[in-house]
Structures are given as C-alpha cells and as structure tokens.
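Just one chain follows, in the form predicted alone, and it is written as structure tokens.
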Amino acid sequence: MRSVVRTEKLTKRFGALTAVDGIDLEVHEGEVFGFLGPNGAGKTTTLRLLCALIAPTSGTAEIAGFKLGRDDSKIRAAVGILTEQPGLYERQSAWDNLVFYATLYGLPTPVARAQAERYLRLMGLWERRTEPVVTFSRGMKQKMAIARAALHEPRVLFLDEPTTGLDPDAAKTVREFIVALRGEGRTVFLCTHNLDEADRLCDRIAFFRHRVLRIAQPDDLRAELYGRATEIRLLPKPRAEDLVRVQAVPGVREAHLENGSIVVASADPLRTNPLLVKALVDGGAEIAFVTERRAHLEDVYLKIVEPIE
C-alpha cells in the first residue's frame, strides 16, 4: 500500500519539554488511522507538525509526497485539518463561510459553490445554509468545521476529536462521513479519546504518549495481549462431559466454564470452532450460540499506555 504520511525521528521540543519524541510513522493511502493517547501526550502537536503549521525541532516527514520544511505550502494545500476550535465566521451564514473558505483553498467560484452545497448536504445542514453560524449548536458548528476541512478534497484529512461534545445523531453523521472518505480512497488521520469509535472506524491504531508505543490493527492487539477466545452457550447449561469433549479438540489451548457457557482459547478459532461445534453436537449438546469473546479496546489501551511514566 502506498504511504501518504511517513515520518522519521520527528521531534518537537518547547524549551525543556519534549512534546513529540522521535516518532516513526507510516500511514497508508485510503486508511483510517487512529492516533490515541491521554491528554497532554502531544497528539495535537503532532497534527500541527504534519500539517506544516509548526516546524519540527529535528527529524523528517513526508506528507502527500511533499517534504516537511521544503514544501510546506504544498503540504498545507494537500491536507485538511480539524482543530479543537471550529474557527468560523459566526456572523456569516453557513453558505458564505464555506464558499469563502473554498476560494481561499484556490477553488474557482463555480467549484467553490458546488463544493459548499455538496458538504452542506452531506452534513445535513443544507436547510440551514442561509442562517448565521452564531445561531448553530455546538454539533452543527463542528460539522461545519469538518466540511470546511474537506472542501478542497485533500488527500489526507486530519481530525482532532471530531465527535467530542456531539449528540448521538451528529456523531453518527460524522462517523458515516469518515467511512465515506475512506470509500473514496482518501486517508483520515483520527485523533480521538473515544475508544469505541476508534475500534469501529480505524484500520490501524497508534498508541502514543510523546512517542509511539505500538501500531497495529485493533484485533491484532487484542489477540497479542489477551489471546483469541470463543464463547459457546449451551442449553440448559454445560455438562461435565461437554467440557471434557471441548478440551480434547485439537488446537484448544484452554477451556473453562463461565456463566452457563464454555469459554475456549485457541490459536486459530477459524479452524478450531467447527471442530468444537461438531464434537459438542455429536455428544448430544444443544448449542444456543457461538460468539467471539473480544477484549475491550479500553483494556488494551490501559495495558499499553497507562504503565508508561
């Protein structure tokens, strides 16, 4: 897969404080890349570095094919960024805001107007386009800010906490928008504290605390830290002989009874689970359901990030 963001030993210091400590990243085209870490970890500083808004202390980076420090204006034209504050002209209408920002991106007026309409419709704001932004709710302003960041169809869209403070309906609209961008082959670099959201949206996740601690797919992190487990619910409840049959199946590492189910750990559930079902059915067991037992991403996060001082 082609990389659209690549860094080598990228570092940013503010006096004695090292906010970003020699990070190596590679983000692929068309993926949603999660960037997770606690408050004060340097996530926003990293975004500002990658968008060429501040200069690094040391290290190198290449974004959308352009080199940081040499092609900064080209980087800024090739990316979009959502910051903590919407930064809209609140006395102006939603329509005037987006058309204005589109022209700042260098879009011709007809294209600017077409893009403004497209994104107002995508964000469910078309019917409110003539109203001043000052009358909008926090969620509506956030959707406006996301639309502004995407108007010029950037190759990489950097989103800093895009759903913070949004009601469920607005948050759903934003998540659907992120999925749509991925479907168009664009890259989304997502900073979030919402671990459930990251789990649902992100192809890969980087855990970060001034430096990159781990990068992997969420399910791979779960498997590495907690193993792969399957829950088999039997009716009315498991018998002693059911557990014995399960333990005898090739590939089973461990099996135990838990709340009316048998929980099985194995190296390769896709191979082992059909054998488990056959053994139980042959033994006369009545299976209600078979499901994957998944550790929460929050548990993975705490195990990787919290021990770091």
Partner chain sequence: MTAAVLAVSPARPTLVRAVCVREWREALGNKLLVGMTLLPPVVILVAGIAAVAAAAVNPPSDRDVQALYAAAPAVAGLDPKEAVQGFIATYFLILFMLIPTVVPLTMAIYSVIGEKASRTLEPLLATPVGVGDLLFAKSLASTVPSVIVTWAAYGIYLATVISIGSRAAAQAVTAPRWILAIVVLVPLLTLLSVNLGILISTRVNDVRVAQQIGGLVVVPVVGLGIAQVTGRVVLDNGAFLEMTIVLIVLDLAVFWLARLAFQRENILVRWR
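Bear in mind the structure is a predicted one, so any value in this text is a computation, not a measurement. Residue numbers count along the first chain shown, from 1.
Separately, the form predicted in complex with its partner chain exists; it is not shown, and the next lines address it.
- Using a 4.5 angstroms limit between non-hydrogen atoms, F289 is distant from its partner chain in the model of the complex.
- Its partner chain is not shown here, but in the model of the complex it comes within 4.5 Å of a heavy atom of R91.
- Though the partner is left out of this view, E184 does reach within 4.5 Å of its partner chain in the model of the complex, counting heavy atoms only.
- Using a 4.5 angstroms threshold between heavy atoms, A267 stays clear of its partner chain in the model of the complex.
- The three marked residues, K12, I54 and R76, each reach its partner chain in the model of the complex, with a heavy atom inside 4.5 Å.
- Shown without its partner, this chain lists G165, G106, P168, P110 as candidates; in the model of the complex, only G106 has a non-hydrogen atom within 4.5 angstroms of its partner chain.
- Checked against its partner chain in the model of the complex, the candidates I81, I232, M140, A198 yield a single residue with a heavy atom inside 4.5 Å, and that residue is I81.
- In plain terms, the part of the chain that comes close to its partner chain in the model of the complex, with a heavy atom within 4.5 Å, is 149-157 out of 149-157, 170-178, 127-135, 204-212.
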